[in-house]
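So this first bit is one chain, no partners, the form predicted on its own, shown in structure tokens.
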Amino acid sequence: MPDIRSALLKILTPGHYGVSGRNAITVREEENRPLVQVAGWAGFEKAVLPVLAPLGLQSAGDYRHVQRQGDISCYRIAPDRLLLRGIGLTAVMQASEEAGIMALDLGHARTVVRLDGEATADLLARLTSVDVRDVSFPVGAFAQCGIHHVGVLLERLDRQSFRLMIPYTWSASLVSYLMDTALPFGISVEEGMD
């Protein structure tokens, strides 16, 4: 399969933008990692356990906190749906078929952007209605939210770091909007992917 071309090549040009002398925010596109959606129907929580157990995950989790095991992250995005990041489709296909649930490769469907820095929470407060203060949105939390009318998955990695999973078709316009909104804070684009 051919490599997926970044939608952000012309948007994320390395350099500093906005307020000079202030690096309040850094942005970079993360390397494309496998992303698999696992979905089912009635009895999903029990049916998905044979898929999750070999990955070291004990349950389907909740709608607010990321489950992690090694390089694998698990997001509960609906009553009968999970996103597994960091593991490929073939690794979960057989177990999911045996469990009567479906697995779908979505690695091509999302662009992943990382934001770091002291003003990142302030920037996100301008972009989304999610309360990203430490007390409301601690490390390990995630939310499905909208930024500029585009549905994204927002995850807090540490106190000053966040990850955005953006639909590929909207990523260029959304990241351009994010960059414009960040200019008063000062934003630096880091070279290369993470």
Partner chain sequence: MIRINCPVCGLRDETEFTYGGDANVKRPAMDEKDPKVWMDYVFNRSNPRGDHQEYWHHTQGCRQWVILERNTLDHTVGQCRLAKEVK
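Numbering follows the first chain given and starts at 1. Model, not experiment: these values are computed from the prediction.
Here the subject shifts to the form predicted in complex with its partner chain, a form of this protein not shown in this document.
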Interface membership of residue 139, its partner chain in the predicted complex, 4.5 Å heavy atom rule: no
is_contact(residue 80, its partner chain) in the predicted complex, heavy atom dist at most 4.5 Å: yes
Proximity of residue 47 to its partner chain in the predicted complex, heavy atoms at 4.5 Å: no
Interface membership of residue 64, its partner chain in the predicted complex, 4.5 Å heavy atom rule: yes
Contact segment among 165-173, 27-35, 50-58, 124-132, judged by heavy atoms lying within 4.5 Å of its partner chain in the predicted complex: 124-132
